[in-house]
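A lone chain, given as structure tokens: the form predicted alone.
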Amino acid sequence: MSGPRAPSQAEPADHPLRAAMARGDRLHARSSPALHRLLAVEDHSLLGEAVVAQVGGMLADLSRQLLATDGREVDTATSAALAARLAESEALRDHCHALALEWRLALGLEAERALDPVLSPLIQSLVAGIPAETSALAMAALGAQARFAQAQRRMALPLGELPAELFHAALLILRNALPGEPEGREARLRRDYEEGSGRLALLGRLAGETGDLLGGAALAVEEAGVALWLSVLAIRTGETRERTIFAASDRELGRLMLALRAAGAAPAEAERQALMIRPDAQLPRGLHDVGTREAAQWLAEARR
């Protein structure tokens, strides 16, 4: 159901929330090529040393996994060259960037709010609840989140955790970078890959299949936990999960507030969630003028 609506205030293109969303989108558009450049140089000041190191570590780990399928020791120079080729893929780079930001957000909320980055109150209740299928799915998602936390602490990313399109893109990069490599390598990688068992697929199923059980708690990061909260927001708004993570990392949080509103959060609750993510943020004005339909429409228009 759409919330309160004031067309004369909410519709103009220069509405504070639309302007904030546009500024955040422009900033992200500049950050991706900047990240590519910073991965190849020593100065990481623009995006932050920790984020650049995390992304570089994940790409290097993917490279090692792509090369280590036949039991032979991976040549350091070859692995570094392949990692550089992987970094040229904007889609792979953005995915790793989003995961790094998700992990930093989880660590920040752990430090500031004592929110466990693996076991959230909502996941815990789903694991202990009924029906049994939901409990099993929640347990599988919990295990996947625990593995994600371990991997992020090592600056690693298991190849099997890539979404299918990115897994395929990584194999194409491997094929083009090392055309003389044995054909069996790619076949073995494809044989061992199962997208449905990955963390993002499990969280997506949990967010999509348990909507009635999750209720409003799914839109409260302190209840759902960062990982499930991001997946719920992405599914309920039609945004990609990467875009949702970038929205939660934007200084002004305009897109995040619109996403929360479009997902069904009341204006005051959307603002509360935004401030929980970034307590020092100066939030854009005007959310109380925007109904859920307007918020969803603005997000859709920005994706075109």
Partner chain sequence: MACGGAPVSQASVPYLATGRVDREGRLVEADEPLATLQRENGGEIGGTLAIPELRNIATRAVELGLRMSRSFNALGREERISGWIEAIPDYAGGGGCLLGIASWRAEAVQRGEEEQQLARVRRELDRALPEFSARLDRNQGVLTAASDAADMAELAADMAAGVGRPWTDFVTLPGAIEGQPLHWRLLDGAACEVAGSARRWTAWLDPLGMPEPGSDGFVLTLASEQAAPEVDRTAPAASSAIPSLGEELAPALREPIDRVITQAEAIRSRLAGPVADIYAGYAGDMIDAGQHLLALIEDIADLEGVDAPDFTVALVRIDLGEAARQACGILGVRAQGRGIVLVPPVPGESLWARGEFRRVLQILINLIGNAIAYSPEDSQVWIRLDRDGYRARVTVADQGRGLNAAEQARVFDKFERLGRSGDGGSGLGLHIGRRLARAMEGDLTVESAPGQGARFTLTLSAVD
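Numbering follows the first chain given and starts at 1. A quick note: this is a predicted structure, and the numbers were derived from the prediction, not measured.
The protein also exists as the form predicted together with its partner chain; that form is not presented, and the subsequent description refers to it.
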**Item:** Contact residue in the predicted bound form, from L202, L228, C96, A106 (heavy atom within 4.5 Å of its partner chain)
**Value:** L202
**Complete:** The one option of A140, L126, A87, A177 with any heavy atom within 4.5 Å of its partner chain in the predicted bound form is A140
**Request:** Give a yes or no on whether each residue among R243, Q273 and A281 has a heavy atom within 4.5 Å of its partner chain in the predicted bound form.
**Result:** no
**Item:** Residue stretch of 87-95, 114-122, 73-81, 166-174 approaching its partner chain in the predicted bound form, non-hydrogen atom distance within 4.5 Å
**Value:** 166-174
**Asked** Looking in the predicted bound form, any heavy atom of Q54 within 4.5 Å of its partner chain?
**Response** no
**Asked** Looking in the predicted bound form, any heavy atom of P131 within 4.5 Å of its partner chain?
**Response** no
**Message:** Given that its partner chain is not shown alongside this chain, does G216 nevertheless sit within 4.5 Å of it in the predicted bound form, heavy atom to heavy atom?
**Reply:** no
**Asked** Is E195 a contact residue for its partner chain in the predicted bound form, using a 4.5 Å heavy atom cut-off?
**Response** yes
**Asked** Does any residue in 263-298 get within 4.5 Å of its partner chain in the predicted bound form, counting heavy atoms only, and if so which ones?
**Response** T292, R293, Q297
